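This document starts with one chain, in the form predicted on its own, laid out as structure tokens.
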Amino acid sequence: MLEYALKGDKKYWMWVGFLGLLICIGAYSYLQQFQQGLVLTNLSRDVSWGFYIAQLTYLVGVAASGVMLVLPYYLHDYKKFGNLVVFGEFMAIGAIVMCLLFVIVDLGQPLRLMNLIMNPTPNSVLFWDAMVLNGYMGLNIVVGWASLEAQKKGVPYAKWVKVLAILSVPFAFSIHTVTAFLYAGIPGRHFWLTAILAARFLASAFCAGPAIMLLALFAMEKTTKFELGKDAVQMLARIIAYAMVFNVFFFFLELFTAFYSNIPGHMHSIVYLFSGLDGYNAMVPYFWAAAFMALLSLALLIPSTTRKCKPVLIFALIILIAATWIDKGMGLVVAGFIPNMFEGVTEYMPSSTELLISMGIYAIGALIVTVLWKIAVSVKKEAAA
């Protein structure tokens, strides 16, 4: 089926070429970082995790979101997702590849990754994070490819495909749970020291991931004339809306715990995000914007009248993605280091090198998803003809 990726119109190849250009820029920036070291980043003693780890955290959620299609289709026999489920599985593959690349660039020297392989440490959360991420990626590759091949041959998928698909459901939950444990297991960082961090991660993943997927599916539908199905789109939009409700609700729980109990360690990071701390306020405008966009997205997604209007739905999905990205893709990591161990504030914003390398990694992920979706659309169109 790989041959389908080599056939495409002018727009397809222009998009692939554009992604290739972004990858080259990112690769050149990474070469600079590889030669000169992490000094090109704005990471420091006080903020040792920055933009790279923030993107890893966000993208693990994007990868996990594929379960929002897999679970209803394979476990509850919701047939209307039948046409879309492989796109969720393939998007998860692209997201996990990006996660692994963000780990590599954050390490500075990629050979350090070998320590994880050559010296496995089962009592390390990072070890289990690598295990479940790779396991989940393997399951999605096998299930997605096998089900697509069956569709190409015009036969039902094998029974073992369904078994593996159902097995991928706990893997999807575990990849983001284990990632949350990486944060929640650090007792010195009060902002992350919360029992509901894994639940917050999952709620955020199950709204942001499907939102990104749905926007990409809309773009694919427009360029390839592949019909998604109105019922499937509306069901997915409903799932996104209620996952976002839980995401916002869990954040309010954090606010109550921090401010009603009046624990300084829990309050400082949130105060920094919303009003600044000790005169440092770089994140304030972004976080207020995120809060406004989160509430506005709920106001647009919960009523069925606005949710069924496609332009409004697209707008709501865009601001939902922006809100969750600022919250989890930046604010969560940076605020966790503020204040530092000496009660001081060291602010952090990514350097141009970090941004360019991240852009290249996102382009790699987009290229993988583009190629896999191109194959899937070609097979489905051929099978339907």
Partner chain sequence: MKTNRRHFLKVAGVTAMGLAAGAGTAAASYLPHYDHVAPNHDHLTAGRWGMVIDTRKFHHKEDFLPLVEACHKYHNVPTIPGNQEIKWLWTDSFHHSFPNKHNEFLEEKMHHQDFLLLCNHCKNPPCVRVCPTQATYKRADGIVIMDMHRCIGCRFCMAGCPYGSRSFNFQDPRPFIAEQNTDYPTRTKGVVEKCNFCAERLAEGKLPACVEASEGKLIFGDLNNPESEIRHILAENYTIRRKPDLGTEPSVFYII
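The structure presented is a predicted model; accordingly, all values stated were derived computationally and were not measured. Numbering follows the first chain given and starts at 1.
Absent from the display: the form predicted together with the partner chain. The rest refers to it.
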Considering the partner chain in the predicted complex, which of A289, L228, L107, A216 comes within 4.5 Å of it through any heavy atom?
-> L107
Only hit among T305, T121, T223, N262 for heavy atom within 4.5 Å of the partner chain in the predicted complex is T121
Would Y28 sit within 4.5 Å of the partner chain in the predicted complex, counting heavy atoms only?
-> no
Although the partner chain is absent from this view, report whether R189 comes within 4.5 Å of it in the predicted complex, heavy atoms only.
-> yes
Quick one: does N134 come within 4.5 Å of the partner chain in the predicted complex, counting heavy atoms only?
-> no
How about T41: is it within 4.5 Å of the partner chain in the predicted complex, going by heavy atoms?
-> yes
Answer range among 47-55, 355-363, 62-70, 312-320 for contact with the partner chain, defined in the predicted complex as heavy atoms within 4.5 Å | 47-55
Does the partner chain come within 4.5 Å of a heavy atom in each of L100, S269 and N281 in the predicted complex?
-> no
So which bits of 341-377 sit within 4.5 Å of the partner chain in the predicted complex, heavy atoms only?
-> M341, F342, E343, T346
